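First comes one chain, alone, set out as structure tokens in the form predicted on its own.
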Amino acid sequence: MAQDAKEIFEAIIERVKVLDPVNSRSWFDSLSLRTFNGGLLEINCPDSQSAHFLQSDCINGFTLAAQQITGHLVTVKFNSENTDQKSKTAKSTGTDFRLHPDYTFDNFVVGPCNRLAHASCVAVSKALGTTYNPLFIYGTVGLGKTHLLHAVCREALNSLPNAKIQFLSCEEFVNRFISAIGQGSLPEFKSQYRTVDLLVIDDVQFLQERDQSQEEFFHTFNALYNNRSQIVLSADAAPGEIPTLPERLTSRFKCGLVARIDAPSYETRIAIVQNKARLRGMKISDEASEYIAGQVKANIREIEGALTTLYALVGNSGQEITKDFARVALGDSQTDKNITITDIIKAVTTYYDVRPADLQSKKRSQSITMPRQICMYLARSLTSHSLEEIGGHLGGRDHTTVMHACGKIAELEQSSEKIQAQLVELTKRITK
């Protein structure tokens, strides 16, 4: 029976990789079965951050995979050996954020575009409040700022497990401040953010045109700085270039180290492609890496989008991605185009000669159901829309329907050369 449960678990892991290519990672193979009893599947994870990532980002995929493999309703729970201890530490230190398991210093590709920012983040994470304080990282979207902030928090916690850390977006800070005003809990709010060892705020440009929040952040900054607590900030522009931000704030942001992140060079982009492919467990040739790096020039998120498209096409088959395959799958101008669900619906309805209204209807004939499911699959693969958003565009269907459709098409892609050819052709049309 134990052997049966182990085989079922291994089949579930393989199915998840097909159902959810966006979130699939090579370290899924290190997950192990804890218990599978009474409809409850408990999975052991390498660490608490992996468990948090799986619970927040992958729970739908694992649940659907488990139900497809077993044919029964299954509840999935993720555990790690140190989850309980981490939870106790979080409560005692006030650390309540979640770190992405991919966002570590080891997984950050360093190049001329980001060397100063990376080195300064490593330095402050090892000596809070004594090296560069504050540290201000800026650059346009998708260049790795958030990755570095996660890495700073992770390294600081590894060095000082009992450190009191707060890591949140500036929007969260503002919203929590407004909520504290409404609930009459400002003293608690001030205590929470003015007594930490490390405060990390992402997208601090969100403070612009928010006078009362600026005032609160000004006093929070002063309290931390005077207490020699570490402050790390990120923004999409340099301190003096954020509109409507008062001089008293910008002068404080500039009193430490200000480090810019630029767009990665061609060589750095090649390394990023190879690194992110490795994290997903993908085999990719050097020529394919060079091709993708040549096509994607704006930011790292577009590289991730290109790799997601390729992963969705090859799945977990172990097939090496060649340059020719990447060229056909992505199209020469794929990364320059902002693909929408409307683009996908238009391409699919034209290809299968059906009407958009048919895809949004309740019709269940095979001639309508298959194009509708392919729409859902391509939208999941080629866009960043959530399952709920995809279902909303296709007749208001719920996320479980979209997950089922993606799973079915992914299976057909592996077993049917006809469907695989159709998906490649549709992807080419949508991305050209």
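This structure is a prediction, so every number in the text was calculated from the model and none was measured. Throughout, we count residues from 1 along the sequence that is shown.
Keep in mind the form predicted together with a small molecule is missing from the figure; the text below concerns it.
For the small molecule in the model of the complex, the listed stretch (339-347, 223-231, 240-248, 102-110) containing residues with heavy atoms inside 4.5 Å is 102-110.
Among 360, 158, 140, 191, the residue placing a heavy atom within 4.5 Å of the small molecule in the model of the complex is 140. Contact with the small molecule in the model of the complex, judged by any heavy atom within 4.5 Å, is made by just one of 259, 282, 272, 74: 272.
For the three residues 114, 301 and 304, a heavy atom within 4.5 Å of the small molecule turns up in the model of the complex in every case. Interface membership of residue 214, defined by any non-hydrogen atom within 4.5 Å of the small molecule in the model of the complex, is ruled out. Using a 4.5 angstroms limit between non-hydrogen atoms, residue 146 touches the small molecule in the model of the complex. In the model of the complex, the small molecule stays beyond 4.5 Å of every heavy atom belonging to residue 154. Among residues of the shown chain, residue 276 is one whose heavy atoms approach the small molecule to within 4.5 Å in the model of the complex.
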